[in-house]
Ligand SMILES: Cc1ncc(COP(=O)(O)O)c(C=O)c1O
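This document opens with one chain alone, in structure tokens, the form predicted on its own.
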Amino acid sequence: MENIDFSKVIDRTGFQSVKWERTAEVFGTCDVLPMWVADMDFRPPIAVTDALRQRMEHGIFGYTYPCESAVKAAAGWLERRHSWKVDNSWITFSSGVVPSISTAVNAFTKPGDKVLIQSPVYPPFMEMVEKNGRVLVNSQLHFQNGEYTIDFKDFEEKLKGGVKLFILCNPHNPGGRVWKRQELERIGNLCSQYDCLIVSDEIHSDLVHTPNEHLPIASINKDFLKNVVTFVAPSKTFNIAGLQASVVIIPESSLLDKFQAIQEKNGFHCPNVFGLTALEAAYHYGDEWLNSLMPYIKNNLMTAISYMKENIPGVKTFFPDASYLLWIDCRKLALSDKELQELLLYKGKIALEPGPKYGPGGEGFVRLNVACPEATLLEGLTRLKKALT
């Protein structure tokens, strides 16, 4: 049995960490505790590092390919963790979910086509649409009692306007919502009715807190299989984003052909050898590590929520259905987003993700990453209190 210690503080400086070493470029100051970008301060499972070490010791790193065992590992994980039986022929690979979104936009739409998102949402959704010359359409989510809901009347109106592609975030980032079956069914039925393809980013699906349950939208209705493209990855789950490997699931063969044609056009053939090695090991042997991680994350979330309730009365936050990210409502502080960031950075000396980055509806919010040792979290909460009280 693996000896897992998530409380150990590990110095990440000097190892090209975006989170720890790029704050000057992103925030204008390096004298801050970074609790912003969504990676964890934990080492991955030993099975992953052992597999990487073994591959490295072989010593030859020529051209490689995604072998059948990697496909089986991904399919096995989806069936084991999410009760979704995926045919191996549906699976291909990418270097990451964001490149996959860009590939999908280019494969399934033309310049000038409309692509729908639901803000506030992960910023690359917007970036990949606009940078590829498509028209961004937004159906803003409603925020009530600490939870985001879909305005289905507005959602349908936007679909009626000729939207070709809808990018779904499930579980939702930054809000942490796990969409329920009835919501996903309604999304799927409306998109089918208006001939709109669904691209579903499910990268946080392994990080769902009980009793919530992640449902891949493609799995809930056999009719959705021909109209849904799904992206998952071990990167958030096992903290291996720097190895750049993700999984693409496309049941409809004509769509898969279009997706792979754009990959080939862009010169992409498969992830690098270490990414594939880590992906396969994580999906084969990562269950025990993940089962130990989730209670630690849950405890950190509870600690943060309780601390803010007791010590920072001007803010509100709620326990998310999924992920290690807390979406903090600072609107009652009556500060502009610029003023809020200045207090955090220069008074509290803590770097959090600014809400406006996530599009309309993100104003007055910040996002806090609790995937760190408890000692780091407590230091961050002390700084947050100093900034906002």
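Computed from a predicted structure; not experimentally measured. In case it trips you up, residue 1 is the first one in the sequence shown, and so on.
The form predicted in complex with this ligand is left out here; the points below concern that form.
- Query: Does this ligand come within 4.5 Å of any heavy atom of T230 in the predicted complex?
  - Reply: Output for T230 is no: heavy atoms all beyond 4.5 Å of this ligand.
- Answer yes if any heavy atom of N173 is within 4.5 Å of a heavy atom of this ligand in the predicted complex; otherwise answer no. Result yes; N173 sits at the interface with this ligand in the predicted complex.
- Item | 4.5 Å heavy atom contact, V97 and this ligand in the predicted complex | Because a heavy atom of V97 falls inside 4.5 Å of this ligand in the predicted complex, the answer is yes.
- Please check if C169 has a heavy atom lying within 4.5 Å of any heavy atom of this ligand in the predicted complex. Taking the distances in the predicted complex, the answer for C169 is yes, it comes within 4.5 Å of this ligand.
- Item | Contact residue in the predicted complex, chosen from W179, W84, F224, Y122 - any heavy atom within 4.5 Å of this ligand | It is Y122.
- Task: Would you kindly say which of L279, I203, I249, A218 lies with a heavy atom within 4.5 Å of this ligand in the predicted complex?
- Result: Selected option: I203.
- Region of this chain that lies against this ligand in the predicted complex, out of 287 to 295, 68 to 76, 258 to 266, 231 to 239 [heavy atom, 4.5 Å]: Stretch with heavy atoms near the partner: 231 to 239.
- Going through 18 to 53 from first to last, which residues have a non-hydrogen atom within 4.5 Å of this ligand in the predicted complex? Heavy-atom contacts within 4.5 Å come from A38 alone.
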